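This document starts with two versions of one protein chain, written out as C-alpha cells and named structure 1 and structure 2.
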Structure 1
Amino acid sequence: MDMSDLQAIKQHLIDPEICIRCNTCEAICPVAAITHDTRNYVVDADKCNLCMDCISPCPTGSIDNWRNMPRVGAYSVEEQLTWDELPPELTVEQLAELGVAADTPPVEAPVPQSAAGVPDSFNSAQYGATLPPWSAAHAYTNLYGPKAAEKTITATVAGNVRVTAVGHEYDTHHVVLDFGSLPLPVLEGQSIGIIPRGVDASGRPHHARQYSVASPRNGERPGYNNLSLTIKRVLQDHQGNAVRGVGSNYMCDLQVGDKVQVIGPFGASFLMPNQPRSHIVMICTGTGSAPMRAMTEWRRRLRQSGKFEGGKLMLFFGARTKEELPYFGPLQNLPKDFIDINFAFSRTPEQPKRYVQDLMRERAADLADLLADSNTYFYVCGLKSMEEGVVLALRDVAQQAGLSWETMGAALKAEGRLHLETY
C-alpha cells in the first residue's frame, strides 16, 4: 500500500430510496461514470470526476449524496447495485481503522482533461475551488438575514462618488456604508446584500441584491466600521433592451446620510491568503474589480506598515474603454513594483479588440512561473462570458510550459488556489 492508497476521497453516491431511475443522470454524465441495472443507478468512483453536471438536472435530489471514504475502500459499483438504502457515514473511528486519519482532508478526484480538448466541451466551472486558501482569515457569514436572529442591519451612507468618467453612458459609483457601532466584520472577497427600499410591481418588498465588498477588512477608512461597494447603474438588460435595475439605481441614487438595510456577509471561499509571501493574480471585468480593489488595498496597507514580504500582485482588468473602467486613475498611481497591471479594452476606437485572456496569453511566461508556484492564488470576477476564456488561457499557459493541466487543474481546485465568481 502506498501513500495514495491512504487518501480519503469524497465519494459520490445516489440514494436508492429516493431515486426514481429516470436515467437523466446517466444520459447527462459526460464521463459515463453512471450506470444502472434493473435495481439501482450507481456512480463508479473510479470514473466520476465530480463535475456536478448530474446534480441540477436530477428531479429528485437523490443524486446529491457524498461520503468520505478511503480511496482503496470506496464502495464498488457491484456493492452499490445491491443497496436498498445508503449506508451511514463512516465514523472517525471507522475511518481510522481503514487507515484514514481524522484530519486527512478528502481529496477530490483528479479533473480529467476535456474529452477532445476542444473549447466547446470545456467546463471551466469544474476547476473553481470551494475551499479558501489555507492561510485565509476566518470569514463570518450570514450574521444578518432571514435565518439569523437579526434580519437586517442598518447602514448609513457615508459617501457616494462616481468612479468612471463623467458624461459617459456608463455610470459606476463607489458607495461607502457606515455601520456605526453595530458589528459587520467582512473580509476582502466577501459580499453583502442590500434590500432596496419600496415594493415591486405586485406590492411585495424587493428581494436583496448582492454586491462584492470593495474595501479591505479594516474599513474603507482604516479603523472605521465602514465598507465600500462598486455599483454600476443598470439601464439595459443583457439583450440591450431598456430596463432600470432596481438595486443598482437605488444604490447609485443614494445621498449621504440615507439609511440602507443590509444582510450578510456572504462567501467563505473567495478569500485572500494571509500568508504575506503568497502571490495573487486577479482577473476581472467592470465591477468585478470590487474584490480585487479590496485585496490590493489590504496589501497596500500591509506594505505601508512594513508587514508585506514581497508576494507579487498581478492584475488583468478588462473594460470596453478606459473611460468605463472603474478606479482607472487611482490604479495608475500605484507603484509598479507593487502591482503589475494589465488593461484590456475591447472597444477603443481604431484599436483591435483586446480581452483579458489575450493579455494573459501575452504574459504567459510570467503566469507559468506563478502557476507552478503553490503560493500563487488566482481570482476571477466579472461577466460569466469571460470565465471559460480565462480558464482556457490558464490551461494553455500551463501546457505550453510543459505542466500537466490535468494535475494542475485538480491542484488549483483542491488547494483553494483558483476562485471563480462570475455572473
Structure 2
Amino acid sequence: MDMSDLQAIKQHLIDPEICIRCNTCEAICPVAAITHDTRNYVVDADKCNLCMDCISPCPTGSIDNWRNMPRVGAYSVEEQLTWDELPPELTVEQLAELGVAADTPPVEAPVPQSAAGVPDSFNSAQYGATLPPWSAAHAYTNLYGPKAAEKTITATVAGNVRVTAVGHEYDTHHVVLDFGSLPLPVLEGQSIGIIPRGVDASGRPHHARQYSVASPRNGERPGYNNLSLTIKRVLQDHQGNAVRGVGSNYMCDLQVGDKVQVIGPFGASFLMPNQPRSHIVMICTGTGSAPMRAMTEWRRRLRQSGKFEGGKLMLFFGARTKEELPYFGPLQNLPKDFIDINFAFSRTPEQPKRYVQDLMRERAADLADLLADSNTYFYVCGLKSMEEGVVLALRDVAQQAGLSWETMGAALKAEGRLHLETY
C-alpha cells in the first residue's frame, strides 16, 4: 500500500430512509456524481467534488450526510444502491485497521475543470434559487417522516375525480385528502409524500412518492383541514417502456373513505411571495400545474377578500393536447384581468408543435418588463426536458431587451426569483 492509499476522504452519502427520490440532487449536480436506480439515489465518490450545490435544494435534508473513509475503501455506487439505511460512522479503531490514523485530515476532492471554471455547456440548474422570496410565509417541513417523532400522518380520501378528458391513454386525477384534527400545515409550492400500500418485488415496503400540493394554504375547501394533489397515472417510463407506476396507480385507484399514510411536508424555497403587489410567472407542463393551481387559487381568494393589490399572474401551460391538460375547463373560466393564460400544445393534429418556450418568446415584450421588475417571481415545474428551453428563453428575452443575462441570471438566483422544480 502506497501513501495515496492511506488518505482519508469525507464521503458524501444520501440517507435512503429519508430520501423521497425527487431527483432534485441529480438534476442540479454539476459533475454528474449523483445517480439512481429504482430504489436509491447515491453519490459516486470518484466524481463528487464537494461543491455542495446539491445540499440546499434537497427538500428533506437526506443528502447532508458524510462519513470519514479511507480513499481506497470508499463505499461504491453498487454498494450504496443496496442500502436500506446508512452505515454507522467508522470508529477510530476501525479506521486505524484500514490504515487511517485518527489525526489524518480528510483530503479535498479534485475539482473538475467544468466546475472550477467556465461550464462546458449551458447549465439551466445553476440559475435556480435555493432561497424563497423575501416575503414568503414560514414553511414547516419534515413534520412526519422516518426520523421525525411521528413517522406518518393518516389522511382520509375525501374526493378523487378525473381532470383530463375521458377516452385518452392517460388520465390525471384530482385527489383530495382530509386530515381531520391532525396538524399538517402546508404552503403553496410545498409537497408531501404518500406511502403506497404493499411491498416491492424484494418484499420491502414501498418508498414514499412525492406529490406537489395543488391547494392553497387554507385548504382545498377554505377553513377545512384538507388538501388536493394532481396525479397522472404512469404507464410508461421516460424511455417509452411500459411500466405501471406504483404510486400514481395506487393514488388514482383510491376510493372515497380510503386511508393513506402521508409524510412531509417538504420544500422551503419553491414558495410564493406574500407581498400582494408582486408578479408571478408560472411555467409548467402536465402535473407540474399542481403548485401553479395552488398559487392561482390563493391569489383568487385574496382578490375575493379584497386583499389583492394588483400583482400580475401569467401562466404558460404545456401539454401534448388540450385533452391531456389538467384543469383545462376551470382555467378557461378565470377572468382575463386576473390571469394571463398561454397554452402550448405539442401534438394537436394538423397543427405545428408548440412548447412553452415558444410562447415565452412570442410574449417577449411582456416578459422583459417583468424580468426587469424585482417584484416578479418565476416558477417552473414539470418535465426535466423543458427546463433548459425555458431558462434559455428567459436568457434570450433578457438579452433582446438589452439586459445583461449574467447580471440578471445571478440576481434571479440570489433574490429567490427563479424556482425550478423539474423531474
Partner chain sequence: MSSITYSDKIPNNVNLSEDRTLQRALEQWQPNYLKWWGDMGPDDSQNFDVYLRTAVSVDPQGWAQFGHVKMPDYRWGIFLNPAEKDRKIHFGDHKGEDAWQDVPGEYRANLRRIIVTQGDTEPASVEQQRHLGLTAPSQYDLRNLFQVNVEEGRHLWAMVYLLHKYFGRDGREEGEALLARRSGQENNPRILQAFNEETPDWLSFFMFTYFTDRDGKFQLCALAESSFDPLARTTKFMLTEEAHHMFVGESGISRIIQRTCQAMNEMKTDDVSKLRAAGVIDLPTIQRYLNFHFSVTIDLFGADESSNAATFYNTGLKGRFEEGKRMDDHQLKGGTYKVLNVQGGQLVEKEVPMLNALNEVLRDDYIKDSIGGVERWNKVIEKSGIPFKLKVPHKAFHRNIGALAQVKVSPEGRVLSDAEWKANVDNWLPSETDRAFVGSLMGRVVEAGKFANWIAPPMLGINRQSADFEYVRFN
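Here, residue number means position along structure 1's sequence, counting from 1. Rigid core: the largest C-alpha set superposing within 1.5 Å between the two forms. Every value quoted in this text rests on a predicted model; they were computed, and no experiment measured them.
Each of the two structures shows the same chain on its own, and it is structure 2 that derives from the form predicted alone.
A movement of the C-alpha atom of residue 298 falling short of 2 angstroms is seen between structures 1 and 2 when the two forms are aligned on their rigid core. In this overlay on the rigid core, residue 14 has a C-alpha that sits 2 Å or more away from its partner position between structures 1 and 2. Comparing the forms between structures 1 and 2, the C-alpha position of residue 276 differs by less than 2 angstroms, with the core used for superposition.
Structural comparison between structures 1 and 2 after rigid-core fitting shows the C-alpha of residue 52 displaced 6.4 Å. In the core-superposed comparison between structures 1 and 2, the CA atom of residue 23 travels 26.5 Å.
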